[in-house]
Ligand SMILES: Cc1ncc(COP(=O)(O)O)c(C=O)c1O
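This document starts with one chain, in the form predicted alone, laid out as structure tokens.
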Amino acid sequence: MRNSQSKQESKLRYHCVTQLFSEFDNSPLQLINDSHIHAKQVQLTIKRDDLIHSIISGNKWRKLKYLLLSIENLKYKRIAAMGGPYSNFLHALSYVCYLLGWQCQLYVRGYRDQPLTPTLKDCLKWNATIIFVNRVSFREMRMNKPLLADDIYWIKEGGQHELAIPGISEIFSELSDEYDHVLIASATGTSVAGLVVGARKYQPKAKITGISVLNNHQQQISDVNNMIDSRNNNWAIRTGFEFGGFAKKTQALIDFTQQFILRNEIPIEPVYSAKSFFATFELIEKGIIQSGSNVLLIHCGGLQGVRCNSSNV
């Protein structure tokens, strides 16, 4: 059974990055029918980027698309990246490398003797190598990459790279309606930067809002400013919806997540997507997003947070 499965999976491998593109299509839009939203005379639409791919979903694929092409052109076939034990990005990257036959080396925040998360078990199944680093070393790695062989390409946490921006910006090329507000969960600011660039080209009147899911909004603002010329642009990083910080949650967030899934049949998880969904509903309820607005909320995909049993990863 195992050998048969391995043979079947080996047929999925691709010889070059462009062959991967056939697996992806534009994500659909889903209008939210909610009495509270209607009462505020707001139209809320979800861009279902979670449906782009079952594993390489949402902004993970959009971040990787042009970066992978560049890595291939530079003749690299060994990749190293960093992230947490439930990282959606590491999960997607490991699978991409598996499909391409590239070597993947993951620097994961944690300790060697800790139980492997379901996310990391998947990464190992896809032949990734996992190197655990403590929190201090992990923070230092954000500023200075580890010592690597010359033939290993380093990717920053969360796929933060200037080549992630054109992939994210393509969201606007898939839209036919005009939107007053476009919102997305934000951890590094990379997706926000891409949306700002896309809006500048396609919908300059749209306000871009990143919902900060961790307590680092000042760093996100700085990173957006460093990645793009964002001066005098209509964008913001919204705070107040971190629920204590990364991977932390409250009963209010848990209740909202469960109720939203039940009413709309859209999967969300409490680490990333649920926080941006909660924020969007509250901003509409409080009138911060004004009556009459046409609102697009981007589901950033990646549901590894569903597999997270701890409130403090």
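It should be emphasised that the depicted structure is a prediction, and the values quoted were computed from it without experimental measurement. Sequential numbering from 1, following the sequence displayed.
The discussion below concerns the form predicted in complex with this ligand, not included here.
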Should Thr188 be classed as touching this ligand in the predicted complex when contacts are defined as heavy atoms within 4.5 Å? yes
Check whether Gly83 has any heavy atom within 4.5 Å of a heavy atom of this ligand in the predicted complex, and answer yes or no. no
Report whether the minimum heavy atom distance between Lys60 and this ligand in the predicted complex is within 4.5 Å. yes
In the predicted complex, does Ile289 have a heavy atom within 4.5 Å of this ligand? no
Out of 115-123, 67-75, 189-197, 96-104, where are the residues with a heavy atom within 4.5 Å of this ligand in the predicted complex? 189-197
Contacts with this ligand in the predicted complex, stretch 70-97 (heavy atom within 4.5 Å): Asn88
